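One chain is shown next in structure tokens, namely the form predicted on its own.
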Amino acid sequence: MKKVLVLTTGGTIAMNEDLSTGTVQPVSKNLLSSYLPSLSQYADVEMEEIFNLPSPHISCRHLEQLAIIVRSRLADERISGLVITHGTDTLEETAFFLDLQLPPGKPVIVTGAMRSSNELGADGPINLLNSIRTAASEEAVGKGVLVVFNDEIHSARFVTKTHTSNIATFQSPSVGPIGSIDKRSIHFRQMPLEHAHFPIDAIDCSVGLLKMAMGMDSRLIDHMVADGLKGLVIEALGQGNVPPEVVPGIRKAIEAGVTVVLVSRCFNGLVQDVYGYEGGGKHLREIGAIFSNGLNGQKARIKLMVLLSYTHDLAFIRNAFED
């Protein structure tokens, strides 16, 4: 029987609801350990608590710590696969960060829950069970970091949280899940074709994220640049456009050595250098902005943080986003 290690980091899957107030909060004991006996028929499961935090409390330092631990545990020849339980609010960022850190190999699965452990219809137990089954599956080997949720398997590269409370919140716009799970089997229907790998020891968190909207100007960009920002991801309008009043701030940021990456605030499609008017994508590329390759804002920020920690070569960074 294969050995699967579960690393717990907190989140709703490790929380209880106060039935008198409806407030959901972390608990001190490891709630997930109570599931171990029922999981033993699928794998030899061990559980290790890394930290017990709501995912909005996860920081760059926690990501660094988690990456070190994950690399160490995967190096253990006895371990066939690894599952990480995590809060859902920033789950996709942690999963994508680990995907950038780990070469394809042993299965690494990230999962969580939308309902706390003592709520009616709690989804944590089945998500954990399905994650362990996937981590023990030969078919999951070499596919990068995966997110298992609601009987679906998603690539960390594409998955995102799409609903504030629905248990089917995790979706992969444009590409869909790469696999599914039923009671008897695991089905993979796609294989991720690309895998970026930029291993680092420490992550540079001085990267901002700014969403564009009608009538915005450069004041927020100016403030972030003055505060020492090294990178900036802009969620632009449509195919990569911004209001003209934002252009001076982007230009000054690039001239100051800030790496500026454009994504779209749309959840489908790519940014492209189509529009040549002031603030259009073509104009922004001409003044030095980098176009992302379909990532959403939060993932582009993770990738830019990793790349700025990996290299100072702007051409390499540009290629890593645009290739």
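Being a predicted model, the structure only gives us computed values, none of them experimental. When you see a residue number, it is the position in the sequence shown, counting from 1.
The form predicted in complex with a small molecule is left out here; the points below concern that form.
- At a distance threshold of 4.5 angstroms between non-hydrogen atoms, residue 249 is out of contact with the small molecule in the predicted complex.
- Contact between residue 89 and the small molecule in the predicted complex is found at the 4.5 Å heavy atom cutoff.
- Contact annotation: residue 52 falls outside 4.5 Å of the small molecule in the predicted complex, judged by heavy atom distances.
- Of the heavy atoms in residue 56, some are within 4.5 Å of the small molecule in the predicted complex.
- Judged by heavy atoms within 4.5 Å of the small molecule in the predicted complex, the contact stretch among the candidates 80-88, 175-183, 206-214, 222-230 is 80-88.
- Listed residues 253, 237, 100, 114 were compared with the small molecule in the predicted complex; 114 is the one with a heavy atom within 4.5 Å.
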